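To begin, one chain is listed below as structure tokens, in the form predicted alone.
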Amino acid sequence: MSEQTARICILGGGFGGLYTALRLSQFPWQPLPKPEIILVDQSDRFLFSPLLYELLTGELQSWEIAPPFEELLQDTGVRFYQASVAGIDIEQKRVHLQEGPELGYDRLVLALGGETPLDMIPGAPSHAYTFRTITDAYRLEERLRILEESQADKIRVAIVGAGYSGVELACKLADRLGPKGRFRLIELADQILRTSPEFNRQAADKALKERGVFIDLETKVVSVGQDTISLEYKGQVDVIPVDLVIWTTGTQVAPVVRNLALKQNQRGQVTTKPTLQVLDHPEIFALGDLADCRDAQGQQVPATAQAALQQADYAAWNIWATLTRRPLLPFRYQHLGEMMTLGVDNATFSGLGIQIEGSLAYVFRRLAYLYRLPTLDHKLKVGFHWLVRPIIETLSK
């Protein structure tokens, strides 16, 4: 590796990783030579995960929310490797890829996101469906198609976890399946959306009731079978027949990160300074789901998409600052509100002094996410498609 040219390795192409790479590619590096920026992800596509639900209802197409990395990184100078990370040697500053070369680094960004843990519940790894990646969405779509084409008079769906993902999935799928769908939303806590603003919780409760979704609170999943789910409520276990179980609760850090000799919390998240640098390793930055971060005000940073987006700007600046001898900036998290989709043409937003629900919130959410898409070129393509699609659909009728 040339001493004059630094290498920045970014592991994970989600909100934290991709947006850090894009931001780094835009900084002025003169008189230093521009560093080599490498982005690694096991998928060939970036996923704008808050819009993943719209794939199941046909409101959006996969190219809109999951553009290829090669397309997004074109003309940025960022090199992309599609590979899984096999190991990281933090002493030798090297990354080992399963399907690629060994990479040395001067700066490392850990942004591998999280995984949905299924192995704690008997039968869940074999029979439950997760909903985190584009592959998960394709797999779930295929299962739904088979169920819809069957001769069954009803389709029984159990969704585990009544957080944002569980509630949004329940509403979208209820709209898709219509009267044929039978839904159970299973939650260990005593209320849905436990960390959500009251306005959003009330709007979600109303949307679920309108769609006939049955909610099991203070209920624990004991096991998952091929066509059953066993639930425990107040010491009594009931076996419920189901056609589909979707697991949305829990996040765990990838083993390749948990195995590193870095300070971690009980959940395996890597502890960082407010500058997003890992303790005792200032050349390593951690952000997103795998980071245990308190910002400049000492507030715990949530593991959300909006937090990862904000962290990406600071991580890029601080990496640039460490290489160009400029002052680093402590991360300052700004909570910009919370949005949820609650079915087709229905959403809710609470934040910035605004509380709206229904069709207006649905449009607001779409526009907010359009603004957050990763590149100007992709924003223009998607925005134009959203404008002309209603016209095309009207003309084709």
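A residue's number is simply how far along the shown sequence it sits, counting from 1. If you're wondering where the values come from, they're calculated on a predicted model, not measured in any experiment.
Not on display, but discussed next: the form predicted in complex with a small molecule.
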In the model of the complex, R132 touching the small molecule (heavy atom, 4.5 Å): yes
Contact test in the model of the complex: Y369 vs the small molecule, heavy atoms, 4.5 Å: yes
The small molecule contact at E357 in the model of the complex, heavy atom, 4.5 Å: no
Exercise: Q42 in contact with the small molecule in the model of the complex, heavy atom 4.5 Å: yes
Proximity to the small molecule in the model of the complex (heavy atom, within 4.5 Å), stretch among 209-217, 111-119, 224-232, 185-193: 111-119
L147, I90, A305, L177 - the one with a heavy atom within 4.5 Å of the small molecule in the model of the complex: A305
L287, V160, I319, V167 - the one with a heavy atom within 4.5 Å of the small molecule in the model of the complex: L287
Contact at G14, L52 and A83 by the small molecule in the model of the complex, all three, heavy atom at most 4.5 Å: yes
